[in-house]
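Quick heads-up: it's one chain on its own, the form predicted on its own, in structure tokens.
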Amino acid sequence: MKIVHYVNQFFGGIGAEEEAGRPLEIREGAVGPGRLLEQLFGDGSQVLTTFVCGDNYAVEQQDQLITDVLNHLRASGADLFVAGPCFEAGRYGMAAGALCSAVQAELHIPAVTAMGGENPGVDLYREELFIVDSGASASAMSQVVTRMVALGKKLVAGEEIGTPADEGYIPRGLIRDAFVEQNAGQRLVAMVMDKVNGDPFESEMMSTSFEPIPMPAAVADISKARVMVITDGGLVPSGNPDGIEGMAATRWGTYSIKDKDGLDGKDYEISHGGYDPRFVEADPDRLVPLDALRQMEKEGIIGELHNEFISTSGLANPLSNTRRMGKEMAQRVKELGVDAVIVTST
């Protein structure tokens, strides 16, 4: 079997976050976890090529990355494309998912990847890809790659793929026809009885779970409170210094509004692909209402406006990603001693 493999800068042996901007490198043979892939496939199988790319470059230049990978793959004669394992590295997972999706759709080469359940790449690509459940820890590398190899062999051979529980991939949310002994009503009653009796049962529906968020205490006196603005409308300084993605963003930024009574459109841009940005670009106060809040500050309606605002893009953002960023923002707000937050959207 001829295999082509994609890894990020860390698993490619280049470096950690300081090398996340590294552009695509094309190396001959197996690199990092690709050596284990080659060993487990056995029978003369070979990793022909390894693509190594920095995580930041991969998400910021995704279209170019996909084009370069596809162009090389067309002449490679590869039987299988493998990406990762990515575990819970979000940018890595998003790049791996995008590449696997493009390889399958454009070149009709089977593809397999692996991610942890909270990786944003899972929510974006679970329906179209087989994503092996890697869990969160890279210490499970051997077991994860073993499952990837088993699934990869079946995909190349055109064999029927079993259930997620049997094959070890993350449920895709797809419903398949099957012959069963009980109709829907009978199965439902059986599950209800199992639940009432405290017996184990397995639902036929995938449900989204939300952790409980307690209601915060009301601000006792807003005229003495420090207030901050957070937006998911993608307003960033010109040049987008934090590289916040316009869709499925993995990052957020904090930007100074010190000594400003309003925002000038020439100093900002929009990194968000889900709405017409012209009105906000003409007057950013429409999204981050600095002018109105400064006036309220002067009139004593609010105690103090914090001299920074937080921004990210909320477009097509997987729940796992927004949970993480929300917790990070909340921690930042606590550290700053902010009493109340105004959240603006598109």
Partner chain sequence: MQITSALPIAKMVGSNRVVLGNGIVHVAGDPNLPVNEEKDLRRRLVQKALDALESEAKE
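The term rigid core refers to the maximal set of C-alpha atoms that superpose within 1.5 Å between the two forms. Computed from a predicted structure; not experimentally measured. Residue numbers count along the first chain shown, from 1.
Not on display, but discussed next: the form predicted together with its partner chain.
In the predicted bound form, its partner chain lies farther than 4.5 Å from every heavy atom of residue 63. For the chain shown alone, residue 39 is not a contact residue for its partner chain in the predicted bound form, no non-hydrogen atom being within 4.5 angstroms. Using a 4.5 Å cutoff between non-hydrogen atoms, residue 220 counts as a contact of its partner chain in the predicted bound form.
Remark: residue 308 does not count among the residues lining its partner chain in the predicted bound form, judged by a heavy atom distance of 4.5 Å or less. Heavy atoms within 4.5 Å of its partner chain in the predicted bound form are found in one stretch of 22-30, 42-50, 280-288, 64-72, which is 280-288. Against its partner chain in the predicted bound form, the set 104, 111 and 161 makes no contact: no member has a heavy atom within 4.5 Å. Contacts to its partner chain in the predicted bound form (heavy atom within 4.5 Å) from stretch 331-345: 340, 341, 342, 343, 344, 345.
Taking 2 Å as the criterion, residue 295 counts as shifted between the shown form and the other one: its C-alpha moves by at least this amount when the rigid core is aligned. Relative to the superposed core, residue 109 undergoes a Cα shift smaller than 2 Å between the shown form and the other one.
Relative to the superposed core, residue 270 shifts its CA atom by 2 Å or more between the shown form and the other one. Shown here is a form in which the CA atoms of residue 333 and residue 136 lie at least 3 Å closer together than they do in the predicted bound form.
In the predicted bound form, the CA atoms of residue 317 and residue 172 sit closer together than in the displayed form, by at least 3 angstroms.
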